[in-house]
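As structure tokens, one chain now follows by itself in the form predicted alone.
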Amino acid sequence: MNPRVEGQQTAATPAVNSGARVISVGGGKGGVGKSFMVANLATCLARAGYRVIVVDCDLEGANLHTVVGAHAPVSSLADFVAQRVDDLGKLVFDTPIEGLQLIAGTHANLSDAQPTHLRRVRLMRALRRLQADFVILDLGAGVHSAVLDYFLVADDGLVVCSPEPTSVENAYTFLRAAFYRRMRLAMVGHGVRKLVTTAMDQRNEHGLRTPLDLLREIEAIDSADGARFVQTMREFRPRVVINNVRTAEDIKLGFAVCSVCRKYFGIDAEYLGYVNQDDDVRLSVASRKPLVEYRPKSDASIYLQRIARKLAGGRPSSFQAAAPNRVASPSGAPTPAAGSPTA
């Protein structure tokens, strides 16, 4: 996910890679289940034997500590942002889940919660130095530059979407904003970067409505930046997860999102999987336990485990997957066939 631009250091181009795999979970809209997804996928990875650190980057609405069953710590990421703490490792603390640690986002200065650009660069570098196999970032809602940089720095960027029109619309807005910010950071020429900034306005007077429109303009200015644009576009591969699925049509939404990304953005997004609607989710949050701990044999827990296994990739682990009894609720979603996102 993170762009590589020679001679340029930005918040989206970390210089240090210690082997920790960084996964960002965003979505544009609040309430779609980003923190739920982070807590449960992290728990699945920890239970499989990985060292996992989750980071609550939603400084204006931090609640990840509650979802994983931890008490709000005295020190958090807000202290790093405010430069009261320079060693990010000192903010890591254990959760009740073995193998899972947390950097909370509590006690932020709400009048100035987001870090400066320079501080974001230092944060990205520090994340790579954490002693973990996986570092999972729980992002806030919206398209603030800090949120987009957290998404772009990751090895994997997950976009969580629920089958609601507002969620889908905001997911597209988030992906579009992330795409153009990545492009702007990757371009070298000042005129080309200015052109990308212009394209971010959907009603710009240049008539730049799609990335292909932008590409034609860039190639006319600088062929080298045009080639860089194409390469960067190919490397931008967000992964889509649909949460709170109830019907077969809800399942198809993930394919539709990827299709739109390919048609209008030229982005090859991947449909990573979906999680069915489960009434136990609310109960698990109330009990301050991830669902995979609260109801480990529920269908939703099994689908979460399958998504986590995909995130683990080729790394050795002790995942033990079971077959779900059904996909969603009695509302009619069929059992997925082989080759479906979570099969």
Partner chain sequence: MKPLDEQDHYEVLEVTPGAAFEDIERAYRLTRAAYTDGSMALYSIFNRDDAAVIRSRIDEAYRVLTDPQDRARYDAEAGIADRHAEAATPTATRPIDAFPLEVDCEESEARTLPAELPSAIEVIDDPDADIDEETSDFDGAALRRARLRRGVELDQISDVTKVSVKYLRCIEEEDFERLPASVYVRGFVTAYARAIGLDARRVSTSYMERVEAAREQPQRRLRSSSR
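Here the structure is a predicted model, which means the values were calculated and not measured. Numbering follows the first chain given and starts at 1.
The same protein also has a form predicted together with its partner chain, omitted here; what follows describes it.
- Using a 4.5 angstroms heavy atom cutoff to its partner chain in the predicted complex, all of 165, 251 and 306 count as contacting.
- Per the 4.5 Å heavy atom criterion, its partner chain in the predicted complex is contacted by stretch 296-304, the sole one of 36-44, 52-60, 22-30, 296-304.
- Residue contact check for residue 157: none of its heavy atoms lie within 4.5 Å of its partner chain in the predicted complex.
- None of the heavy atoms of residue 93 is located within 4.5 Å of its partner chain in the predicted complex.
- A residue is said to contact a partner when one of its heavy atoms sits within 4.5 Å of a partner heavy atom; residue 221 fails this definition for its partner chain in the predicted complex, lying far away.
- By the criterion of a heavy atom within 4.5 Å, residue 266 is counted among the residues contacting its partner chain in the predicted complex.
- Proximity to its partner chain in the predicted complex, taken as a non-hydrogen atom within 4.5 angstroms, holds for one residue of 117, 216, 84, 194, which is 216.
- Of the candidates 208, 257, 130, 77, 257 is the one whose heavy atoms come within 4.5 Å of its partner chain in the predicted complex; the others do not.
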